[in-house]
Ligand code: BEZ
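Here's a solo chain for you in structure tokens, the form predicted on its own.
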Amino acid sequence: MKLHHNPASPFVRIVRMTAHELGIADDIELVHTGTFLPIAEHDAVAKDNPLGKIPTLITDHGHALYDSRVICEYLVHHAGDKTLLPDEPVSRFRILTLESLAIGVADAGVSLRYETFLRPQDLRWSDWIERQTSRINAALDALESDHADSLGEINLGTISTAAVLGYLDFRWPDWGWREGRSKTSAFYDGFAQRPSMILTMPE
């Protein structure tokens, strides 16, 4: 398998962490995209994904898979694992909802990064910045109040959550997201010691 990736992407990190947790990381060849700009087509990625986005996985059968949620579910299926995403519906959809919440934080975070770092300063939209920030904080509050009981498990939901919390630390070390969120903070501090987190740390 081949994975178009940039290690700074939280979506890529979710996929890579999932592969490590499944014990199949060595089966995936990492194809580094280099600089990846949202306003320019990346020829190599666009060849395999018409959206031109990462992560994109090429299976051993030559099939292109995207986005991170589809790729992770494929990796779980490929590995024959029933733990990270069980078939039992109550657990399954609880995990998928937590995964979706984390992906939403990643979406808002990447959008915020583009707006505050890549867009020319005189074109930045303050209302957009405020909305992405409030969206992230609302999701973090929901993690603390509604999902704390699920954070003790290792599954696609908690992997995704750990990856996006790491993205906040990576891009905005002064965000202060731990303040008032002791359960989420304790979860992250514990998960950060796992090999899947350490081996996928962006530079």
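From 1 onward, residues are counted along the sequence shown. Predicted model only: the values in this text are computed from it and were never measured.
Unshown form predicted in complex with the ligand; subsequent notes refer to it.
Participant: May I ask you to state whether Met1 is within 4.5 Å of the ligand in the predicted bound form, using heavy atom distances?
Facilitator: Met1: no, not in contact with the ligand in the predicted bound form.
Participant: Given that the ligand is not shown alongside this chain, does Tyr74 nevertheless sit within 4.5 Å of it in the predicted bound form, heavy atom to heavy atom?
Facilitator: Residue-level check for Tyr74: no, no contact with the ligand.
Participant: Considering non-hydrogen atoms and a 4.5 Å limit, does the ligand approach Arg113 in the predicted bound form?
Facilitator: Arg113: yes, in contact with the ligand in the predicted bound form.
Participant: Contact between Arg178 and the ligand in the predicted bound form at 4.5 Å, heavy atoms?
Facilitator: Outside the cut-off, so no.
Participant: Based on heavy atom distances of at most 4.5 Å to the ligand in the predicted bound form, which listed stretch, 146 to 154, 164 to 172, 23 to 31, 42 to 50, is the contact stretch?
Facilitator: Correct option: 164 to 172.
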